[in-house]
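Presented as structure tokens, the chain that follows is alone, the form predicted alone.
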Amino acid sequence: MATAAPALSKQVPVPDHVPPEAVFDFDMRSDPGLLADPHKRMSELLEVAPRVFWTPRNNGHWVVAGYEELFRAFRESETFSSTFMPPEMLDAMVALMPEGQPRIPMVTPITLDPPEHGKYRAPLQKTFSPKAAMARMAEIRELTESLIDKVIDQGHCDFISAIAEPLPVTVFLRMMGLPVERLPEFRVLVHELLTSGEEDRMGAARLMRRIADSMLEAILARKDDPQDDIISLLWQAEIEGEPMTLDLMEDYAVLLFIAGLDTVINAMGFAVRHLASDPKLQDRLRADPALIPDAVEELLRRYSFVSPRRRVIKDTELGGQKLKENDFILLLIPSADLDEREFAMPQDFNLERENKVHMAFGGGCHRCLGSHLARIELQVLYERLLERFPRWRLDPDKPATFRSGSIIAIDSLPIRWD
């Protein structure tokens, strides 16, 4: 039975400073086009909407859809802040929490601007360095082989649940020092958080608290009994000479949990979906595996999937629009990486594309810390799939299903092979 599409969020009044021509009705969570074919819809937006527009959905916010405009927003943190809420809004939200309720994790350092962001990011730099990512290649290859072994004789599988989910999530849980057998439980928590609506900020706050609580036993255990994992490493870190605190440990853990349990899954899913529709590309990459790293980059550009938020902290102009202090903006990376002003024939997958500067991993000081590890995982996966699988194709009887929000995700991707 097909799942009913989520209802569009209610519309809010258009602020006085937003001109009528800047308004475009778009719901990042429930837009029917996004849920039917996400990147086709992203291309359509570039044809029918301004590169910077205001939508009345999800509490009302700006959407930055163009590459040039998005590139600027990433780099001007003095204007476009990663602090999602003005201090007075955060204080009001905390005041609504019942007395004695545990604190709300703040997902440090992603919610901080420079220079604070840099000092809180620093303890994680070595763990996610290119050298550290390369050191995990053998582990990633072994895990990939074992997942392929489980399905290759079946002639079919749901690629998301069979391979794309357990591969990066298992690697992440091992790195964190969290029990791999709790993978299904952890994935449900992340799914609930990423599908929560903008109108229910308190609900999202409670979910982050639940995520922190799900890791609390492991976090506390590593304080006195350190192991070879990220939680133990963070307990040993100091921030400007000050020892780590439990509150900050929870912030780090929740951030890593959200990023590690969802993002790479979708990069894998969209890429395998594209390859399923392009058997000649499969054959070309099989014949010349040295092309796989270039294929990884072009697939990331063609099917970017993350849309972070920023808050305007002083009046400014962007893409010909006047933005006011405390306006919110959604940085629509999936559309920016399809902007024909930046990429020639952006709909085409082109291994020989000269301009490979996509923004799938974000930009500026908040560029994805795990990008090196993600690239290794993607390269190993495509290499092993192409060597061991015959041509695979989409299952004609079971279409892929998607969800949307701050991350465009594939929930299911049935594929078949002979």
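One-based numbering along the sequence shown. Not measured: the values here are computed from a predicted model.
Heads up, the form predicted together with a small molecule isn't pictured, but that's what we're talking about next.
**Student:** Residue-level contact is defined here as any heavy atom of the residue lying within 4.5 Å of the small molecule in the predicted complex; does Arg51 satisfy this criterion?
**Tutor:** Flag for Arg51 set to no.
**Student:** Applying a 4.5 Å heavy atom distance criterion, does Arg286 contact the small molecule in the predicted complex?
**Tutor:** No - in the predicted complex, heavy atoms of Arg286 and the small molecule never come within 4.5 Å of each other.
**Student:** So in the predicted complex, does Ile313 come within 4.5 Å of the small molecule, heavy atom to heavy atom?
**Tutor:** Answer no; every heavy atom of Ile313 is more than 4.5 Å from the small molecule in the predicted complex.
**Student:** For Leu194, is any heavy atom within 4.5 Å of the small molecule in the predicted complex, or not?
**Tutor:** Contact with the small molecule, no.
**Student:** By the heavy atom within 4.5 Å rule, which residue out of Val190, Leu234, Val151, Ala259 makes contact with the small molecule in the predicted complex?
**Tutor:** That would be Ala259.
**Student:** Which residue among Leu275, Ile110, Ile140, Leu178 has a heavy atom within 4.5 angstroms of the small molecule in the predicted complex?
**Tutor:** Only one listed residue qualifies here, and that residue is Ile110.
**Student:** Select, from the options 155-163, 334-342, 215-223, 299-307, the stretch whose residues sit within 4.5 angstroms of the small molecule in the predicted complex by heavy atom distance.
**Tutor:** That would be 299-307.
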